[in-house]
Ligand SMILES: N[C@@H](CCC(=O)N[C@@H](CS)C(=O)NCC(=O)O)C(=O)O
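Coming up is one lone chain in structure tokens, specifically the form predicted alone.
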Amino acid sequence: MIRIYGITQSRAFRPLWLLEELGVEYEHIKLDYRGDDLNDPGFRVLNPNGRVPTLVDGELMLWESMAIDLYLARNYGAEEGLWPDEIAGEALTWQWSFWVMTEVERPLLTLLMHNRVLPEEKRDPARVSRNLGVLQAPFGVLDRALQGRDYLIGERFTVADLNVAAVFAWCKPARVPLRDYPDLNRWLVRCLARPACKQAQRL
């Protein structure tokens, strides 16, 4: 059976959402990065970095949320329509998955920390302002890519949409408005309204 380590309030949300979309049987081991769970020697055998998520599928032990999602979608998601049908779609899936990690995740996570997570006395308004500025360009890129489209690749929801939307899901708790990006916002609302996403949020 597939085992996934981590909690929803971490990057483990991404593979948890995907596993719910796939409908495959899995075991969820709720290791919390905020305590000592990740220092357990047994877990360090699976992931010597001491990070979540971590996936175990048979003999395979896999780290990194995007690698886990791409593996799960390719291995289990073709019949569900979550993996693209052609090599061009696969390439675009890699593109968008890498893009959201390199262009969006770090500045958006910084905003989440300084707008919501950190105690008031540790929040830095300058970092908020700077990272809001940084995000304008990639937000514009995604908004334009979604003009006249419901999904990033083809005519259906795929792992590309899931991987990007799972990062953009931080916008609301980070208090990042999307009113200037109507196509992005429309797409994100649709993605986050999926029943599998709602179920993963409850885990």
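Numbers follow the displayed sequence, beginning with 1. These figures come from a predicted structure and were not determined experimentally.
FYI, the form predicted together with the ligand isn't displayed, but the following is about it.
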task: Please determine, with the chain shown alone, which of 49 to 57, 140 to 148, 171 to 179, 158 to 166 has non-hydrogen atoms within 4.5 Å of the ligand in the predicted complex.
output: 49 to 57
field: Answer option from 152, 70, 135, 38, heavy atom within 4.5 Å of the ligand in the predicted complex
entry: 38
- prompt: Hey, in the predicted complex, does residue 128 get a heavy atom within 4.5 angstroms of the ligand?
  reply: no
- request: Answer with yes or no whether residue 10 is in contact with the ligand in the predicted complex, where contact means some heavy atom within 4.5 Å.
  value: yes
query: Quick one: does residue 92 come within 4.5 Å of the ligand in the predicted complex, counting heavy atoms only?
result: no
query: Can residue 117 be called a contact residue for the ligand in the predicted complex at 4.5 Å between heavy atoms?
result: no
- request: Can you tell me which bits of 55 to 91 touch the ligand in the predicted complex, meaning any heavy atom within 4.5 Å?
  value: 64, 65
